[in-house]
Structures are given as C-alpha cells and as structure tokens.
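Next up: a single chain in structure tokens, the form predicted on its own.
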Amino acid sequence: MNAEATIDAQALGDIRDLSGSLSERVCETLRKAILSLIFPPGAILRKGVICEQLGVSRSPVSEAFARLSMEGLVDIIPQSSTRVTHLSMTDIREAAFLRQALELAAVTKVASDRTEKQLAWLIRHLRLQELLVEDKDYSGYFQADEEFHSTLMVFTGFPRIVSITSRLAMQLNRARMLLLPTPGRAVETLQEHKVIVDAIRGQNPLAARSAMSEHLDKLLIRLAPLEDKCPELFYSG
C-alpha cells in the first residue's frame, strides 16, 4: 500500500493528556495510531502535517520517527519519506514463538504462586471482557485482551518480562487488529481466557500452561492466511 496516511487530529488524540517529554508524547500517539492500523502498513507519514495537527515543531516529530524506526514500526528513507513498515509474516511468527515461550513460563508460575488479590483481579477482568463482547466493542476488547496478558506477566514479579513481551507484541498486534472483525473470534478468545483463569484459580500449573498453549496456538493459525488475504499490507520481497 502506497497511500498517504490521512492525519486525523481527533484520531491522534491530544498529546497534552499524555505524560513524558514532548518527543515521548508524540512517539506514543504515533505508535498507537500505527498499532491500531489508523496508519496502515505502507502509509506515508508527512512530518509537516503531523506537526500541524499535534501543534508541535519538527524536532520532536523527528525524534519520534527515529524511535519508531528503532522499534521497526516505520522506515525512514533519507531525503524522501517516512513510511509505516509493511507486515512481515516471518517477523510475526518469530514474535509469536518468543512471546509464547515467555507466556507459558509466566502462566505456569502465576498458577503456582498466585495470590487471592491477583485471582480477584483476573475474575473481575473476565467480567469486563464479557461486557465488551456483549457490546460488540471489539476495539475495547482488543485492549482488554492485551491488558489480560500483560497483567499475567506483571504477576510473575519480574518487571523486565513486561517490557520484553511488549516489544515482541508490536508487530504481532498490528496483524491481530486485522482479525478483530472475524465473527465469533472475541467470544472464542473469552472462553479460552476463562479456561486459563480456572486453572489459575485451582492452582494447577500444568492445566494453566496447557490452556495458554492452546490459546496462543490458535492465534497463529488464524494469522497465517492474512498474507494471502491482505497482500498489500505485507512485504512483497
């Protein structure tokens, strides 16, 4: 896809509501737009338009572009343009493989060591997920899904695991956004989450690991056909 991104100020949000330095806030709002596919793979990002819509100078936008480039979310072509990177099925499979290894280890530990407070959070969060599914709020459910998985990592007590899995998830989550409209997918995911929480409730590490493995395996199976269905979003080479 070589279409120029339409920069929507409302879609980008107000960076004054964010924390951090100016360049960090610009980076966060652009990252969110890329991961949510508001700026799709292949879209051209015009620095001047972004500056105008966000009300900032060119310097923090340039710094944000550099950071996003390091994260693999944009390609900067000197003296030419900055484009949102196309998806790569190779990168998606690698990210899924690495993330699965970490999540299986995490859910095994959480099931063994969980506290009553942690279990209560998981049960409450399942109720939130149910409401989002009932309302057919698939974008909200996607965010809740991410929170469910990231909180399990937090519950391990190992803070670096959270940042590592977050980085791994970036390319994976862009592809996952394409699955949101799939009929019945949110309902299936919710049921899979319930099985995981039931195993954690029973402090059964083997059952929790098995449930998580089945859950993550299904995701990769559903992602596999995307390259054929949406070839314009993937690298052609």
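Throughout, rigid core stands for the largest set of C-alpha atoms superposing within 1.5 Å between the two forms. The first residue of the sequence shown is number 1, and the count goes up from there. Keep in mind that this is a model prediction, so the values were computed, not measured.
There is another form of this protein, the form predicted together with the DNA, and it is not shown here; the text below is about that form.
In short, of 186-194, 205-213, 35-43, 55-63 it is 55-63 that has heavy atoms within 4.5 Å of the DNA in the model of the complex.
With the partner omitted from this view, the residue of 143, 166, 115, 80 that lies near the DNA in the model of the complex is 80 [heavy atom within 4.5 Å].
When you look in the model of the complex, the only residue of 131, 101, 76, 120 with a non-hydrogen atom within 4.5 Å of the DNA is 76. In the model of the complex, at least one heavy atom of residue 47 sits within 4.5 Å of the DNA. Taking the partner from the other structure, the DNA in the model of the complex has a heavy atom within 4.5 Å of a heavy atom of residue 22.
Taking 2 Å as the criterion, residue 81 counts as shifted between the shown form and the other one: its C-alpha moves by at least this amount when the rigid core is aligned. Look at residue 84 and residue 140: in the model of the complex their Cα atoms move 3 Å or more farther apart than in this form.
The pair residue 66 and residue 98 is at least 3 angstroms closer at the CA level in the model of the complex than in the present model.
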